[in-house]
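Only one chain is given next, in structure tokens, and it is the form predicted on its own.
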């Protein structure tokens, strides 16, 4: 496994014990114990409990590897600037359908785990408010009204780096500690009998047979399965030839405790490629992928100095001064179907026994509850 810096959320979280042996057969194999794999295990325990004790989840890391424990902690339905960029690519209907799924997933997180600590700070789109964005926001709100739902976006004033500007604001968005959510999902699934095996890397999964590498074992182990669901998002290409998922490294910094003349909302900049929020009195800022796109299309977890310097400059702009230090820095790996944010297909069948699932495009925290629930309901 690639050595990597711990995320802010992983600090203090216990490592899981590495697996020493595995069963030779399982009815359902889930590859990946991030949000998608764990939500799938969770919904199986809730909706198809007869499957729970026949399900094995494997994870190559001892805590989390891709984006689930290493994201920025945004629980969001989306924002206007990002949506304007996406609508030109996929059309309004696909955009709105994805938006509804993200909102529904957000609501599911809160409904299933009402005791989960979240920050109901809302989100602000700090890019320039243009007439094209006003038109799109009105169209989204009108489409929601036609469904009998409250509007998603309003304009309001917010502070940014000591100055005030007009922003699109979404009150439903929240900040979350992703490790806390992931821990709850794993605990609920385990309590129902789902088995987890950490430190286990899948080398091949197809046709009812999986080749798995275990820690400190020279020879891989073969495991037979009736069904397998590969839930590794950006790492899909390691197991699937011609995978449509394009990886994108997301780098994040967290400052020392800081006073900032900026509103404490989830913040989006540059069509959502840059983002920030405040947590524990610190500034968390991430992004920069659009500035170094070719180099950031990677599954390498090591942060780079060029993105660090870019994010440091952005942090100084956000807080309005440079009287802080960077206490934490890390990278996570996101996945983008065909390189896009929007995807209308979250499942791909590889053979009669094996399928991949994805809920990526930078939207995994909100999308995974819906994608996983749909998949659990497909089980007999």
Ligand SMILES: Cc1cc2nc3c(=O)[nH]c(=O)nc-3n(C[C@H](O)[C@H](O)[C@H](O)COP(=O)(O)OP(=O)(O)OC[C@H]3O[C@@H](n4cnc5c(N)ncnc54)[C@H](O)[C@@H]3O)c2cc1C
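Only a predicted model underlies this, so the values are computations on that prediction, with no experimental measurement involved. Positions refer to the first chain, counted from 1.
This next part talks about the form predicted together with the named molecule, which is not shown.
- Annotated contact segment (heavy atom within 4.5 Å of the named molecule in the model of the complex): 52-60, selected among 307-315, 321-329, 344-352, 52-60.
- Shown alone here, residue 169 lies farther than 4.5 Å from the named molecule in the model of the complex, counting heavy atoms only.
- When the named molecule is considered in the model of the complex, residue 363 lines it closely, a heavy atom lying within 4.5 Å.
- Looking at residue 233, you'd find a heavy atom of it within 4.5 angstroms of the named molecule in the model of the complex.
- Contact between residue 35 and the named molecule in the model of the complex is found at the 4.5 Å heavy atom cutoff.
- The partner is absent here, but in the model of the complex a heavy atom of 239, alone among 245, 239, 269, 109, sits within 4.5 Å of the named molecule.
- Only one of 283, 223, 252, 140 comes within 4.5 Å of the named molecule in the model of the complex through a heavy atom, and that residue is 252.
- Residues of 57-78 placing a heavy atom within 4.5 Å of the named molecule in the model of the complex, in sequence order: 58, 59, 60, 61, 64, 65, 66, 67, 68, 70, 71, 72, 73, 74.
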